[in-house]
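Just the one chain here, laid out as structure tokens, in the form predicted on its own.
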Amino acid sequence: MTVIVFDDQKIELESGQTVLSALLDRGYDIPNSCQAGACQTCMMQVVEGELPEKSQSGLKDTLKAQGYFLACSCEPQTPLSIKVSQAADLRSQATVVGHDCLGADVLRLRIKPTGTFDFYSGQYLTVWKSETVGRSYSIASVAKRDDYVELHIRRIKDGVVSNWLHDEVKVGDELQIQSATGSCFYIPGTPEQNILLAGTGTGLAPLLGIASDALHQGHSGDIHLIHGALTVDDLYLHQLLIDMASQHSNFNYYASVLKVEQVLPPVTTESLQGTVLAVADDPADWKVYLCGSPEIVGQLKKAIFLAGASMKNIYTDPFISAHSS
């Protein structure tokens, strides 16, 4: 067993147990959301001891240097002394400048961070409801074009943060946010390369951000965006994407809808995977971005890889739900 010291208490970890799991078992209210190393809400600091490399995966070098680590990914092999991170060091303020509904259950939230806030379109940030409750949402806006950060937030039944943002937050309110992270964003340098973006639900947010950023930077290769949904009503930015396709000759939009009475382009009843493979029939040199539920992202990643896409050119952003509402 490995021992950690927290709050002046010695806590023994079972083999393979994470720091987060051990602290939650002891009743400590440690901020957490995905418990999969993605959202970074469970960030803590080491006081003494050696951190496993995995526990700092995805963190900025400046945070690593200060001893920050992800409690949900930390399985220490040697004793550690740790403490809760200082929220003031990681969080900043943002003012709500836009709050409108896109369809029945998707909120378009636009916020203006106080001071400098660096991000890439397609990354995600955490919005905090309280000191310990926060959720991560992907960024649909373009840093060099927009003076706000845009998030698309689906209302989740019994969701503490999503319902709060939908029903209680309003324009002019101040929110606490945490720095943007994630590797699913447009990388300039190969403007002629074809791009495929595919996802479901509010997985559209990062895809829209990436496509908009690429177009803003003058990408000349073909950009194909495929949005999967259950019904046409779930295509919450359908007309915007149609308009983008009419304005940019190299931008192509497809909607894969399972339940539809009348099929009119760009809507198809072909499955999302089928549409992806039909559009990218020879994806060897394409750049691919996949967003949505982990199951769908995993299936699409396997399918596009087997179709010939290079693993180094496949970027994913699986939406992992919080373990508790």
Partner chain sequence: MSSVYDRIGGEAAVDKAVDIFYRKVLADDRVNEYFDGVDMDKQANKQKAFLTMVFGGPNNYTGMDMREGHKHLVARGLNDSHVDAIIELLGGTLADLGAAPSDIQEVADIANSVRDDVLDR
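Under this definition, the rigid core comprises the largest set of C-alpha atoms superposing within 1.5 Å between the forms. Positions refer to the first chain, counted from 1. What you see is a predicted model, and the numbers here were worked out from it, not measured in a lab.
Absent from the display: the form predicted together with the partner chain. The rest refers to it.
Partner contact region in the model of the complex: 35-43, out of 259-267, 22-30, 35-43, 273-281, criterion any non-hydrogen atom within 4.5 Å of the partner chain. By the criterion of a heavy atom within 4.5 Å, Gly58 is counted among the residues contacting the partner chain in the model of the complex. Looking at Ala309, you'd find a heavy atom of it within 4.5 angstroms of the partner chain in the model of the complex. In the model of the complex, the partner chain sits within 4.5 Å of a heavy atom belonging to Lys302. Contacts between stretch 122-141 and the partner chain, counted in the model of the complex as any heavy atom lying within 4.5 Å, involve no residue at all. After superposition on the rigid core, the Cα of Leu63 moves by 2 Å or more between the shown form and the other one. Relative to the superposed core, Asp281 undergoes a C-alpha shift smaller than 2 Å between the shown form and the other one.
Once both forms are fitted on their rigid core, the CA atom of Ser141 lies less than 2 Å apart between the shown form and the other one. In the model of the complex, the Cα-Cα separation between Asn32 and Asp100 grows by 3 Å or more relative to the displayed conformation. Relative to the shown form, the Cα atoms of Lys60 and Asn313 move together by 3 Å or more in the model of the complex.
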